[in-house]
Every structure is written in C-alpha cells, then in structure tokens.
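Okay, here we've got a single chain as structure tokens, the form predicted on its own, with questions on binding and movement later.
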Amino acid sequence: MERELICCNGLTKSYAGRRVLDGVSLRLGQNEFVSVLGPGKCGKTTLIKLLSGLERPDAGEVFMDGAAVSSPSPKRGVVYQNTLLFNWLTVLGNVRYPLRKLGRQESLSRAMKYIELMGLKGFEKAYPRQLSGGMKQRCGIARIYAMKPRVIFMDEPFSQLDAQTRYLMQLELEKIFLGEGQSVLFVSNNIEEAVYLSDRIVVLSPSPSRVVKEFRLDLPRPRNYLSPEFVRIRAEIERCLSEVCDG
C-alpha cells in the first residue's frame, strides 16, 4: 500500500440503541482505490459518514494524514447514490458551484476540464432535468473532482443505473482515477464492479459490522471481466460474502 492517507481504528456507531458498526478498522493509502462490500444495511453508508467527518463515532478514531477527523473538509469529497445537483443550474453551473472563490477564468477552465473528462462535453448548458441518470452522476463526479479533494468517498454511486450505463460509468471512473490520482473509498453492492475497479476490497459482516476479510488485487489494468484470474477472484469474494451472510 502507498503511504497511508486515511486510517480508522475501532469505529463503533449506534442509532436509537441499535449498534451499526462494531469496531471497524481500515486503511486507505495515497493513490489507492479501496472498495467496501457487505450485506445490505450493514453500515457501509454510516462508515462513509464517519470517515468523511459528516458524523462522529461513538467510539474509535478517524485520522487523515495523522490528524484527527472531526468535521467535514474540502479535502474529503463525497459522491452519493442520488446526485445532489442544483436543478436551477446548468451542468457547467453545477460543476463550477464549489469553485466560487476561484477567479472566473480558473473556475471555468477547471470545470470544463472535468466536464470533458466525464464525457459531458457538449452538455455544458443542459439542466439536470434534461440529463439521463448516468449523465447526472457524471456531473456529480465531475463536480467533486473539480474541487480537487485528497480523497473521494463514493456511496454506491452506480446502483440505480441500468447495466450498460453502469459498465460505462465504471470505465469513466477508472480513467479519471488513473489520470487524477486521488484516493477513492468506494462502497458497492456489486462484486464484479469492485473487482474491476479496486486495488483492495474490504468485506464487512452483517450489522453490527466488523471487517471479516480483505482482498488485495494485483490484476493489471484495464481488467478483463472474463480472464481466469478475474473470474477466480470474483468467485472467492462471492464465497466469502455468502459465508458472512449465512454465518
């Protein structure tokens, strides 16, 4: 793993007396893509909220570059399942919105760079109501990358897309990850997606969650879904998740 960027130790969190996380510890290195897999409602979204500083754990600690995380920061970006675009702004307006403190030309050039990287060139003047679900997610991802955070947390960003659009979004995300170099912690409900994108995969148990296994992927990029090694790793993770859910 590259130099450690995010570190959490023994994270515990409860809501209304129900424990959701039970001592979760993990690491995210510089320029690393880590996916988190686990059963439904096992606390993956809660984990992102704690790591990004949106919420505080009941016990345990989160560190970024060795400093405690206690609140949100522009160094940590979050992409959600439902893209939170401003309906009254165009694609360009949405991507430029967090860049308001920059000069006009700098904010414009930076926004256009990421609009183009996410395949939205030609749609700069379109409003969210004129975009497909995949295009809205592209816009949301472009907006986060334009902020230039150190780490990006993604909470099942492709789960509501059709299979073909989801595949295309995986290709786009891999391209921008390799080109830009920010670390990504990616919550997914899709094993194949996680194997395609990740350097490591962390598997959580049912709630109250803990880390049960970690897989390191040394497959060359771009990855082939049909290669024997890809199929082998996917099957191994499927077995792990099945045992976790049955156990």
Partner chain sequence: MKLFGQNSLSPVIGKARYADFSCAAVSICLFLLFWQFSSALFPRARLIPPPTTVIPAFIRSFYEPIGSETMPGHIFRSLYRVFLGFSLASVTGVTLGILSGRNRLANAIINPFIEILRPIPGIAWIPIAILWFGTGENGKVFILFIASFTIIAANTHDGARHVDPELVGAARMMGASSTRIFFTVVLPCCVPQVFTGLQIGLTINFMTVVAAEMIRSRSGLGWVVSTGNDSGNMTQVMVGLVAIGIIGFALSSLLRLAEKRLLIWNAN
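Bear in mind the structure is a predicted one, so any value in this text is a computation, not a measurement. Residue numbers count along the first chain shown, from 1.
Below: the form predicted in complex with its partner chain, not depicted.
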Practice item. For the three residues Asn87, Arg100 and Met147, verify that every one has a non-hydrogen atom within 4.5 Å of its partner chain in the predicted bound form; reply yes or no. Key: yes
TL;DR on 195-203, 49-57, 33-41, 209-217: the one with heavy atoms within 4.5 Å of its partner chain in the predicted bound form is 49-57
Heavy atom of Glu156 within 4.5 Å of its partner chain in the predicted bound form: no
Lys175: heavy atom within 4.5 Å of its partner chain in the predicted bound form? yes
Could you tell me if Leu92 has a non-hydrogen atom within 4.5 Å of its partner chain in the predicted bound form?
no
Open item on the list: When the contact criterion is heavy atoms within 4.5 Å, does Cys139 count as touching its partner chain in the predicted bound form?
Closed with: no
Contact check, 216-238 vs its partner chain in the predicted bound form, heavy atom within 4.5 Å, ordered by sequence, gives none
